[in-house]
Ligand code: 5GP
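This document opens with one chain alone, in structure tokens, the form predicted on its own.
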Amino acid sequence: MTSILPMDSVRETARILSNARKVVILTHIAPDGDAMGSSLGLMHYLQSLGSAASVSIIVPTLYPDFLAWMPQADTVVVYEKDAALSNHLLQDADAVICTDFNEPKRIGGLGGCLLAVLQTRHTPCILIDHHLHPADFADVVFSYPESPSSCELVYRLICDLSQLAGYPLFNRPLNLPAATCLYTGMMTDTGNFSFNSNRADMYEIVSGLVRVGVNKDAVYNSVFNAWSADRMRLVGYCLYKKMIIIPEYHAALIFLTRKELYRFNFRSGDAEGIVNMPLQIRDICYSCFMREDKVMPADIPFAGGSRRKVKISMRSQGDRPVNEFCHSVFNGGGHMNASGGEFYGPIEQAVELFMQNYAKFFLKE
């Protein structure tokens, strides 16, 4: 597999990690499969090196239930549950690795802690991400928006590290827990390889992970076939009662209030995949899913006094991008066919914003 990462950055990463005894890995609010996969995959790899380094993962908010099976997911520290421990780990770190987010505000209240540590302690920071518009806060940046997942970039980095001359510490094969986590993120961030996935080198990576021992069928079942009855009823309600079709722009919108979520005993992760479902309709090329949420402590610096937050997810097909729409309208971003954003305020206002702006970004033909 051809390397795409700059070797100077790979060497600097090796130097930083070789000298670190306490490494902290951070990822974004509401961590998805790619966020958890890239973080846990890195942790398992670094732990396998046999160095004296300890590795901790901090997430701003709890990960969904359908990812709880991932190896050592139960060791992840959740900032909204234990801010004191999170701050202690971050302030004590010799190196910080940021995965699957492009700017500090994507980790909520943790962003301020991160910037303080970087500025006062000059802790080296490595960014591994595939979203547009990375902010200037890390010492080493691996930013590839054309990559479908951060897990793919982590895999490439591990391969490049293992081939570096002068750094025998990294000359270790990828272990099964790391491979399983990286495969999970690649699978989930491409909708089980149904979008952003038409590249031969991606399947070379998948082949390499399977050779390590990844059971891709078991991973699929753990992620996609582990729903509750309430989740299935919620999906039916979304499609029957809440889906709006805009045929002239080949678009669909689904939105849910907190009251509706409560009706179906909503739990973290129950909304996963709903945004993809309208794309199964003939001639629908854009799909948007919104759900109302409460403002958490980590959101307060960005909420402007609002007590309500709306999470926006968007998907598209072919050469019809949604990342610029999310960036311009909902202060978000992502990659071309899978993106998202946030809105602080009532969900009715978020829906109105969508309706006012889709014609500026969506193609009619």
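Quick caveat: nothing in here was measured; it's all calculated off a predicted structure. The numbering used is simple: start at 1 and walk along the sequence shown.
There is another form of the same protein, the form predicted in complex with guanosine-5'-monophosphate (5GP); it is not shown, and what comes next is about it.
Taking the partner from elsewhere, Ala338 is found to have a heavy atom lying within 4.5 Å of guanosine-5'-monophosphate (5GP) in the model of the complex. Mapping the unseen interface onto this chain, Glu103 counts among the residues with a heavy atom inside 4.5 Å of guanosine-5'-monophosphate (5GP) in the model of the complex.
Contact between His131 and guanosine-5'-monophosphate (5GP) in the model of the complex is found at the 4.5 Å heavy atom cutoff. Contact annotation: Lys311 falls within 4.5 Å of guanosine-5'-monophosphate (5GP) in the model of the complex, judged by heavy atom distances.
Judged by heavy atoms within 4.5 Å of guanosine-5'-monophosphate (5GP) in the model of the complex, the contact stretch among the candidates 313 to 321, 66 to 74, 53 to 61, 40 to 48 is 313 to 321.
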